[in-house]
Ligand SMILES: Cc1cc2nc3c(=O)[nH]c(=O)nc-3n(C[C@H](O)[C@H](O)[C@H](O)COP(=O)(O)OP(=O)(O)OC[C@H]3O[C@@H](n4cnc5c(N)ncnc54)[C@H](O)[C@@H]3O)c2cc1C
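We begin with a single chain expressed as structure tokens, specifically the form predicted alone.
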Amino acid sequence: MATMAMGNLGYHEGEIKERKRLGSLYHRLRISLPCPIGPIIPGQFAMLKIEDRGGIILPRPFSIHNFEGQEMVPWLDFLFKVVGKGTGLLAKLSVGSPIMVLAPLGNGFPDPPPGYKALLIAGGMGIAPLFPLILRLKASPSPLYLFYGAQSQDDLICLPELINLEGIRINIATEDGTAGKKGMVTELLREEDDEGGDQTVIYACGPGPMLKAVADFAAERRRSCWISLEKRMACGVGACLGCVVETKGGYKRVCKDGPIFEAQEIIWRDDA
């Protein structure tokens, strides 16, 4: 077992336990850990790094997509899309390969107050951190709604698993109209019968423009809204300041102060 110390945290040498290809560009990895870690809250993330021909590829942040239990977790699942060299190498790892894991990092989504409706909005890969939140909330009595949008049906990567879950109402939108309503998921959101009224808590993760639209929607209707921000980061622990975001309380680090923020805390720009 190899561990590299980093403050109070350390990289653990995990092992690829399962690797599953989802469509042409998406993959899911299950990484077993040398010793259980935790507790873990849905919305937290990990830094993963691998070796390539003797060199270390810079660590990349990935949302924790699934895990077993909450207190001490023996494995973590990660969902990712191949977009560059790092994710391309991850996609080629075989079962049994070593991988360095720094986790859990950041904060997590808070639970809604008892009796509140939970309204989740996922855009594309934004489903990754919302998936464990769905699994946690479906066990509670809170009404649970998911608005899941993507470019096409092939990008609704978690839909087969979600569609069979009890206790959740799912609304689908795709930009090309191959599944659900044609258009943006935020357009679908505005058609939602707001039966929860002010006893609704919104959770969202996805592209910046989608998050801004969700934040505007929540502000108009005076709803509590928590969003997960995705930023490039090199360290994941607040040292490099590469992931700062402007908030009403000044610049904050997505890795250390987030990635979960109240939507109204963020200073949104039109080019978000």
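Since this is a predicted model, take the numbers as computed values, not measurements. The first residue of the shown sequence is 1; numbering continues from there.
Not on display, but discussed next: the form predicted together with the named molecule.
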> Within 4.5 Å of the named molecule in the predicted complex, do we find a heavy atom from each of Gly84, Thr87 and Arg232?
Replying inline: yes
>> Please tell me which of Leu144, Met125, Ile99, Leu162 lies within 4.5 Å of the named molecule in the predicted complex, judged by heavy atoms.
In response: Met125
> Using a 4.5 Å cut on heavy atoms, which of Ile168, Val201, Ile172, Leu79 is close to the named molecule in the predicted complex?
Replying inline: Leu79
> Does at least one non-hydrogen atom of Gly14 fall within 4.5 angstroms of the named molecule in the predicted complex?
Replying inline: no
> Would Arg223 show up as a contact with the named molecule in the predicted complex if we use heavy atoms at 4.5 Å?
Replying inline: no
> Applying a 4.5 Å heavy atom distance criterion, does Arg60 contact the named molecule in the predicted complex?
Replying inline: yes
>> Only one of these stretches, 31 to 39, 223 to 231, 66 to 74, 207 to 215, has heavy atoms within 4.5 Å of the named molecule in the predicted complex; which one is it?
In response: 223 to 231
